[in-house]
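The chain below stands alone and is given as structure tokens, in the form predicted alone.
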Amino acid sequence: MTVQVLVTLDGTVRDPEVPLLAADDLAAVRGDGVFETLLVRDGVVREQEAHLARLVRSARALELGEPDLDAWRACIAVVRERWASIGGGREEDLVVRLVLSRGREGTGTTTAWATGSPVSETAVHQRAHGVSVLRLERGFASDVAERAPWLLLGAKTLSYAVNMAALRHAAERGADDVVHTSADGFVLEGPTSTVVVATGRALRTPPADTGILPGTTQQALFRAATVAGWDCRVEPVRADELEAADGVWLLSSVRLLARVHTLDGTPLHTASGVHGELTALLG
């Protein structure tokens, strides 16, 4: 995604072609910060308050201080206004990324900004056509988050080198994405997504206490699906259950609902009509 809009937290519109960070900003030096990615569709910011609440939780986990949510709301609004002023239409999805860095080393002052970008062609394609996925073990058991909270497994940090390495590994083997599994055989999450599994009229997703990031898009889907009569459960899912499921999806704020059509090189079955129904529910 090419950044077309750049706004600092004080509401200042910056030239996205001009560098923003100092060379010693800890976002660049150590990946020491947090972020959120929101989708604006038909002029509406989807799940804005859920994303801001998660930003707060992540910032607390990293001891970055309490984010000024009113300032972030105003910053998001400026991104949207700027996007419209440069020709972005209501009919075109907009990706807004919020970033909060610990700032320049030794200053104790955070750096905060938001960007606006169009949705990538890859994300649009995967919404429509689904993804092929590899299962990759993450290397720790499903209870590690409780035993080792300093690993920050439930925070959305800027430290995404391992996530990106997993996606490169999958691409080298002809797959689009990854489902991480625990050392004790449970489904965790994707590098940038939440896993949802359908069995009959039940939807299941792994619990956050397994060391995964609670998904805002998954929560939105479960709210709508519950109203529509689905049995929605947050509970452990074993990695060996995926092949027999009536459908497996990767959910994220920008890509929304991507159907997993191939797992470890083997085509997966998706029950007739289920993907269309869930896509319509998510909106």
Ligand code: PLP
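The first residue of the sequence shown is number 1, and the count goes up from there. Everything numeric in this text was worked out from a predicted model, so none of it was measured.
Although not depicted, the form predicted together with ligand PLP is the subject of the following passage.
The stretch from 111-119, 73-81, 141-149, 191-199 that comes within 4.5 Å of ligand PLP in the predicted complex, counting heavy atoms only, is 191-199. Between ligand PLP and the residues 251, 248, 34, 221, the one pair within 4.5 Å by heavy atoms in the predicted complex involves 251. Heavy atoms of residue 48 never reach within 4.5 Å of ligand PLP in the predicted complex, leaving it off the interface.
Contact annotation: residue 156 falls within 4.5 Å of ligand PLP in the predicted complex, judged by heavy atom distances. Contact check for residue 213: a non-hydrogen atom falls within 4.5 Å of ligand PLP in the predicted complex. In the predicted complex, residue 217 approaches ligand PLP with a heavy atom inside 4.5 Å. In the predicted complex, the residues of 136-163 lying within 4.5 Å of ligand PLP by at least one heavy atom are, in order, 156, 160, 163.
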